[in-house]
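Only one chain is given next, in structure tokens, and it is the form predicted alone.
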Amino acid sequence: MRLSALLLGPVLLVNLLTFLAPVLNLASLSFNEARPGGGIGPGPTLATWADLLADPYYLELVTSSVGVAAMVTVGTLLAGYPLALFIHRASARWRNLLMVACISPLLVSAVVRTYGWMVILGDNGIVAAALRWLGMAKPPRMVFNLTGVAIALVEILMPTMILCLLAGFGRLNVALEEAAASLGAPPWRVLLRVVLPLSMPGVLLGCLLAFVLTVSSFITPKLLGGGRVILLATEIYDQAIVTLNWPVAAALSVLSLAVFGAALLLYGRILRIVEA
């Protein structure tokens, strides 16, 4: 017991200094009064929270951020699941090569990848040129709107989703799939009734990470959104840096942590149901 406490002590101390203390300081800052010019009034007050909770704009901001994160999570799962399953079932000779190819984008900064998507999805980019070649006179605009942000976030988060799915595929048993097929189950039923349930822990972990990373994403919505896609992270930046309203920025940060906590609770509950 004493040895365990000694081993856990440094980790707990680091977490206390680098995570818990800043979060508590941020929470206390949200109870200060915002003054013109970026000033912060002394003393605790509920005025910031009262104004924030009474303003329908911030409620819409939270709901839209959660909605966008859910949409990106579903898109990442649908795009990453077939790739991860293909990698898992590839021969040992090709599996490592395919895995490196799928996760190699993690070696490139999200800023660089976002600028790359701005070029690809731009009015004169590859996608617009291909649509014009196919006969579409006026291709839809895919930058500075939610469409481009969603496409870029799905691609950026796919390596993370694939890694989580590959970890979940470790529970797959080929004998169970062969048994289901021998009893007359078609491939799609084997996928839905055998493969998918066994891989659910990896699916849930990948969805949790994709959701949290989307809610907290800033670079991609800011650049590809062009100021037209407002999410929690971009609004926190604007409140802290542009309008210099630090109490509101701190309150929105606490709301973001509440969203993350709700996602973790939902993940834990669903995981217990799946593994029951």
Partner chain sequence: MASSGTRLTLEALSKRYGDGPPAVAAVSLDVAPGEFIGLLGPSGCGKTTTLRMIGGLTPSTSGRVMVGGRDVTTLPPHKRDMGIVFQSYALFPHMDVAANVAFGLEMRGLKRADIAGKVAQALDLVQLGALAHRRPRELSGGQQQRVALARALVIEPAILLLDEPLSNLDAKLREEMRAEIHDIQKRLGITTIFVTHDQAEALAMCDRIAVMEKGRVAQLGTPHDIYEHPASEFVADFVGRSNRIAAEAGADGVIRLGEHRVRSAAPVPAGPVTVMIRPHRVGFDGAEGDGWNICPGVVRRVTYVGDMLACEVEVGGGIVVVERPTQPGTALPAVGDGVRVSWRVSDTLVFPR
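Numbering follows the first chain given and starts at 1. From a predicted model like this one, the values you see are computed outputs, not experimental measurements.
This protein has a second form, the form predicted in complex with the partner chain, left out of what is shown; the following refers to that one.
Taking the partner from elsewhere, residue 193 is found to have a heavy atom lying within 4.5 Å of the partner chain in the predicted complex. Within 4.5 Å of some heavy atom of the partner chain in the predicted complex lies at least one heavy atom of residue 189. Contact annotation: residue 197 falls within 4.5 Å of the partner chain in the predicted complex, judged by heavy atom distances. Contact check for residue 136: every heavy atom lies farther than 4.5 Å from the partner chain in the predicted complex.
A heavy atom within 4.5 Å of the partner chain in the predicted complex is found for one listed residue only; from 106, 176, 90, 205, this is 176.
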